[in-house]
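Heads up, the chain below is alone and in the form predicted on its own; it's given as structure tokens.
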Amino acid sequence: MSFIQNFPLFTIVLSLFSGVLCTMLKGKTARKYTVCYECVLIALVSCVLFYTIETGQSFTYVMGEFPAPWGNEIRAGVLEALFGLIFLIVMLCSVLGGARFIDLDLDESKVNLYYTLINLMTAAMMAILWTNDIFTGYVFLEILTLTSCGVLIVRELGRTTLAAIRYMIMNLLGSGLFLLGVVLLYDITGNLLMLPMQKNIAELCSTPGNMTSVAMALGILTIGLSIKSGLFPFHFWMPDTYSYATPTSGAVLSSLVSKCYIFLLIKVYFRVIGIGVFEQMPLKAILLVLGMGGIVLGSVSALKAEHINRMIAFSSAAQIGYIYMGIGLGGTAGYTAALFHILAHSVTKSLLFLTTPRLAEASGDSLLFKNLQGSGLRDPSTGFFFGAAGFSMIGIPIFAGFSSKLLFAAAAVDSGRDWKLILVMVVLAASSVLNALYFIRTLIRIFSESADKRRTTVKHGVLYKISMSTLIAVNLALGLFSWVFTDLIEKGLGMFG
């Protein structure tokens, strides 16, 4: 076995160890350590990505060399490594870009606790990406939920406490449904490892009468993860959760945590149920309809918002709708579009949540649109970063958002059904117009001269500019070289079976 095949396990163990270690460090030391170890994780996952691309094969790491059902497995392929790499880059940039507000928003005695939660969250995300055992996925799903609530409530404001409680209630409901789905699938198959479950389900579903029980288990599991990721109509917790969190928390929750839940769901469809069985179920059509509903209603709510962070939060609900729409379209083109959009949205949304508090800082610490006029002129670098993210959300060519919408349109054409093609094209056109309306309105406001001369120009440290520039660079890479990423996604999907 190549030594590189140990690296996925190292990313989980090192993250867990780092979480414990940060409880014993002071705040600034914990931040420096977190940044350094995140860089190490990026290097490890990069090695795994290059290794799987070069060999053209995935690999499985058996924990303790024990067979199922006692043993556990980690699996790494191109798809897991690619998503691990992008997620870690976004996490690192979110920590660096929001470091100043972590110090401002949190009590000094709780800063090291915050980095403890970030590190444990990273461990959970890595485990969800790598796991080959559905119950292990549930365990780290719960760790991800608890750490997400922690990074919300640690700010200790009335609104953040309320948002954290609402977030926990909805996520625990989702976790409970996911666990119920896992129990039902275990009862049907007698396995928890993904491939043995898939083989048993394929045998069961060869008899038409058995499809109902599998569909019911999968439906319950899907509802659980849909609630946790914020699919319409379960998205109502998102505005308060993302709007009142400290910037790093808002960026991480919107860009990474919700996407981890969806990645796990896609993994279940491919590796537990089997994509051939899944595509025979009516669930796919339901996800398509809910996804399109989320796109339209999320965009309309964003247009009505008077608070810039709430606008971005409602926009997140619309972007989650895009991902589920891609899953609902099905086929290689649909799943590729959905997975590509996870990457595009991750880098773009973190950029938005990290820049809005800087614009507010240049506007008397107000996030209301009426007070943001001229903030992009008083803080030119942040205005530029926000503008780049806004162009991506609108779908301007060269940015990742344009490539995403192009992939969804291609997936609709590839679906081969006239009604589906027309519906998706109408929704894509409507959402693009709505995106343009609320982002262009925002850009015009922040770059318009303000009569209020009391507000001063804001300057930022080099680490903030580097982290924001990195996110823009990744966004442009996704937009300009989208075929490279789609080829990797398709190759990873080919290894998923």
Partner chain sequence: MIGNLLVNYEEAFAIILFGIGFTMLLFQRNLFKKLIGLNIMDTGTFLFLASMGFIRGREAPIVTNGVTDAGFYINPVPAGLVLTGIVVSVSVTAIMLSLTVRLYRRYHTLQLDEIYEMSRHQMEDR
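Keep in mind it's a predicted model, so treat the numbers as computed, not measured. Numbering follows the first chain given and starts at 1.
Form predicted together with the partner chain: not shown, discussed below.
- Taken together, R159, L184 and A360 are fully in contact with the partner chain in the predicted complex: each brings a heavy atom within 4.5 Å.
- Between the options I398, A285, I169, V426, the residue in contact with the partner chain in the predicted complex by a heavy atom within 4.5 angstroms is I169.
- Proximity to the partner chain in the predicted complex, defined as a heavy atom within 4.5 Å, holds among Y335, F402, F232, Y244 only for Y244.
- Although the partner is absent here, D105 lies within 4.5 Å of the partner chain in the predicted complex, judged by heavy atoms.
- Using a 4.5 angstroms threshold between heavy atoms, S213 stays clear of the partner chain in the predicted complex.
- Proximity of Y138 to the partner chain in the predicted complex falls within the 4.5 Å heavy atom cutoff.
- None of the heavy atoms of P380 is located within 4.5 Å of the partner chain in the predicted complex.
- Just one listed stretch, out of 203 to 211, 386 to 394, 184 to 192, 249 to 257, contacts the partner chain in the predicted complex at the 4.5 Å heavy atom level, and that stretch is 184 to 192.
- Contact annotation for 382 to 396: no residue has a non-hydrogen atom within 4.5 angstroms of the partner chain in the predicted complex.
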